[in-house]
Ligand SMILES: Cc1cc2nc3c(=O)[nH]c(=O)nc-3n(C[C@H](O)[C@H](O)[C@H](O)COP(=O)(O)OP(=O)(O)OC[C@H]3O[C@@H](n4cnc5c(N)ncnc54)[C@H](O)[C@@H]3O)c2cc1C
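Encoded as structure tokens, the following chain is the form predicted alone, with no partner shown.
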Amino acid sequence: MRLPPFAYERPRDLYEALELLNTFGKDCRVLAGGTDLLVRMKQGLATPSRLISLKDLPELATINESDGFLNIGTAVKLADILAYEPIQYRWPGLLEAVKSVGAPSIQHFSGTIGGNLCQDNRCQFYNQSKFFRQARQTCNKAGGNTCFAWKGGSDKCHSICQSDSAPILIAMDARITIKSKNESRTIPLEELYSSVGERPLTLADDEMLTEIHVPGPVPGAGCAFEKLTYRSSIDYAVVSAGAYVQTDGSKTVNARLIIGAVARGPLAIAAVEKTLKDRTAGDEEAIDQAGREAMNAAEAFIANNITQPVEYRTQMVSVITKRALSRATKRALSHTDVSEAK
């Protein structure tokens, strides 16, 4: 498969990139690492007439800490996040998520944090060659009026959000900055996702994600990311989970769980916080209950959109949830004073 023809723009600064977005809008796409976009273009799933490269925009490729936040530019390579030493002991859940993306070659040479957050939703009936897709009628995501992934068909697209970094960042209450030529806004990361399979991101055609802001760790808090795959690398998740737990040293005072790879967007399980709140931190019975609640909530969203059986993925939500919550709680109990961290 070959790339279709397109114009290649290499802006010299962010203002020029936003100017190009403002001018060409829906006819262009932002190119960071290209690990998602270029493949979709080869498959005929994306046909932009123009690509805007972020390669020469150093303002989008920085990591720093200020005002209690870890700030990561959208064009920062995954390998640079892994190499940023404070992340290893202050945000271990983010480290786990980034480590799980693709393979070391992708992390070092092309994959970016912004690209991982903004990748398109996937489905086994959609992410195929043009030859494969022509064997059946067009699905919702490709402009048709049915969904083959949903039993009996559906007038909604049931493609899934496969970002590995989104669940843990949302669990940690991360925020993002979005810019256009005339406006800049900072919003919670979860608001980036529309939960609409055909258009999974809420970005306008002239907008660009420019920075991610992760709150610094607080005493008694811990986070963890868990991902189930069939292969150890270069594999999308069967199920994933990002967990954040805060304790007072003995009881859980706050908890957040986000399930990935099962729904059209990252799936927040609100019942988990109620189940764990004011319970003894690490209580196995409470964590088991949280696992069951996550499984029950996710079951309504899981479709036949990847090769693994729906029933198996549904059961694994409980397993992955319990692993993530247990590890996050363990870390919370061992970090009662983050000022003493290295």
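All residue numbers refer to positions in the sequence shown, first residue = 1. Note that the coordinates shown come from a computational prediction; the quantities given were computed from them, not determined experimentally.
Only in words, not in the display: the form predicted together with the ligand, which the text now covers.
Checking a candidate spot here: are Gly102, Thr112 and Ser163 all in contact with the ligand in the predicted bound form (at least one heavy atom each within 4.5 Å)?
All three within 4.5 Å in the predicted bound form.
Name the stretch: of 129 to 137, 259 to 267, 205 to 213, 242 to 250, exactly one has residues whose heavy atoms fall within 4.5 Å of the ligand in the predicted bound form.
Stretch with heavy atoms near the partner: 205 to 213.
To verify the annotation, which of these, Trp150, Phe125, Tyr84, Tyr236, has a non-hydrogen atom within 4.5 Å of the ligand in the predicted bound form?
By the 4.5 Å criterion, the partner-contacting residue is Tyr236.
Of Ala286, Ala61, Ala297, Leu37, which one comes within 4.5 Å of the ligand in the predicted bound form, counting heavy atoms only?
Exactly one residue meets the criterion: Leu37.
Ala32 versus the ligand, in the predicted bound form: is there a non-hydrogen atom within 4.5 Å?
Contact check for Ala32: yes, within 4.5 Å of the ligand in the predicted bound form.
At 4.5 Å between heavy atoms, is Asn121 in contact with the ligand in the predicted bound form?
Outside the cut-off, so no.
Considering non-hydrogen atoms and a 4.5 Å limit, does the ligand approach Leu57 in the predicted bound form?
Although the ligand is absent here, Leu57 would stay clear of it in the predicted bound form, with no heavy atoms inside 4.5 Å.
Would Lys227 show up as a contact with the ligand in the predicted bound form if we use heavy atoms at 4.5 Å?
So Lys227 counts as contacting the ligand.
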